[in-house]
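Have a look below at one chain only, the form predicted on its own, in structure tokens format.
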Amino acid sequence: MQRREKIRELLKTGDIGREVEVKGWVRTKRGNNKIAFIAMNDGSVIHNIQVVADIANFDAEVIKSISTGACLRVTGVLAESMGKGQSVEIQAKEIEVYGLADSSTYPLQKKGHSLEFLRSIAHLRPRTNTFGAVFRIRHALAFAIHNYFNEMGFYYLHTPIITGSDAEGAGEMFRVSILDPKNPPLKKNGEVDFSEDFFGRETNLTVSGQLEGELGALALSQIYTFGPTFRAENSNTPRHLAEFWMIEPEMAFYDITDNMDLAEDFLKYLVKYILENNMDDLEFLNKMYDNELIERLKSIVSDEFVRIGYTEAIEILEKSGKNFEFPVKWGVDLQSEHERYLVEQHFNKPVILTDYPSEIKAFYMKQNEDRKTVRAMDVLFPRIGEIIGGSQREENYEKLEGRIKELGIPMKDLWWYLETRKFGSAPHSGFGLGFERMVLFVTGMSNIRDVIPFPRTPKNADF
């Protein structure tokens, strides 16, 4: 029985003269009435393999019917290629057409489609070179993430997608309910009575697995989550998605310095893995979209990240002479323009900022002795701005309880979280990496909708 071989492996081999079988989709077909040259791709690699068909050996109508987008099975002899840019080709003996593609309606017949147009045909865009490269890199990054944490002795913890708590306190969450939206049950005060809902209370899609992740870390020492998260933020920007993936490690016995060390090592590992395993795809993206991509990735691996406090960063920004769209002063939450100035113009290196004002950070972050700042950390990357956000978590029960009350967060929603500080509390830290932001950085793409197969954004849940 003939075994299908991946084009990626055939392009590496020097085993000329043996019979092979490939299956894939036609990228181009050219030739004359005597010979056809068919470029095929099966998604395993950015490069195509050329199939050479002597038309006299085939049904001429079958060969004529083959066009861009058609799916074929080809058996033939692997031969040395005389063509430019390819080492081997297949001298076809048999061609079976699995599926034709009507050249008058197939939307990928021509090259040069805009990324915006390709978003409108998300069901077909993975067949393009660009999205083949992006999604192979996305896979490799996901694999590298699991590999890294496994090597470091972390345990993969699955945290709830449906939750009754809001880790960020943002309130912009998608409700999960089976109640009739037009006629829900009401309490005497006119509020919706969620006790009659499926879970007996108000529930939402999660914005983060962090709080539950901390519970795992306080038993297993080192855990990480890697799952979908959701934000009901009405933002139509190149940086926002309503559905995205997050990686959130949580570590017992880590202080803020340990946290920074792990984040830097983790990011360098991921970038190094892609440089070592996806260079063909990177070279294509470097050529087509961002001619500084590969050099920028190499600099991430080789450069030490700069570590400075928030206060020092504000001073640098105030003295920069730059006319920022968002004015800078101590106490403001830094915007992307501020973060990118620090990384791209002032230091020309990745930056880790620490010790943010407590007023602009979440309730769970450990308070510093000055009572004005917390042990937060953000990792800033070129072109992206913040790529990781994290902190040392507040392990002191009284301080955590006081912060929750100060912010007016309902205690009934967080009693279980507080209770971990009663029984064997320990110093611990963690951070979150937005997976799509990491894919965006590594691929050099400019819009986050182009690094996830089926983007979910306001007014868009197609496919």
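Note that residue numbering begins at 1 and tracks the sequence as displayed. Keep in mind the model is a prediction, meaning the values are calculated, not measured.
Below, we refer to the form predicted in complex with a small molecule, which is not included among the displayed structures.
None of 281, 248, 212, 89 but one reaches within 4.5 angstroms of the small molecule in the predicted complex through a heavy atom, and that residue is 248. Just one of 312, 233, 80, 370 comes within 4.5 Å of the small molecule in the predicted complex, counting any heavy atom, and that one is 233.
From the list 66 to 74, 397 to 405, 425 to 433, 25 to 33, the contact stretch for the small molecule in the predicted complex under a 4.5 Å heavy atom rule is 425 to 433.
The small molecule in the predicted complex comes within 4.5 Å of a heavy atom belonging to residue 244.
Shown alone here, residue 364 lies within 4.5 Å of the small molecule in the predicted complex, counting heavy atoms only. With a 4.5 Å cutoff on heavy atoms, residue 202 does not count as touching the small molecule in the predicted complex; it lies far away.
Among residues of the shown chain, residue 239 is one whose heavy atoms approach the small molecule to within 4.5 Å in the predicted complex. Remark: none of the three candidate residues (129, 138 and 444) comes within 4.5 Å of the small molecule in the predicted complex, counting heavy atoms only.
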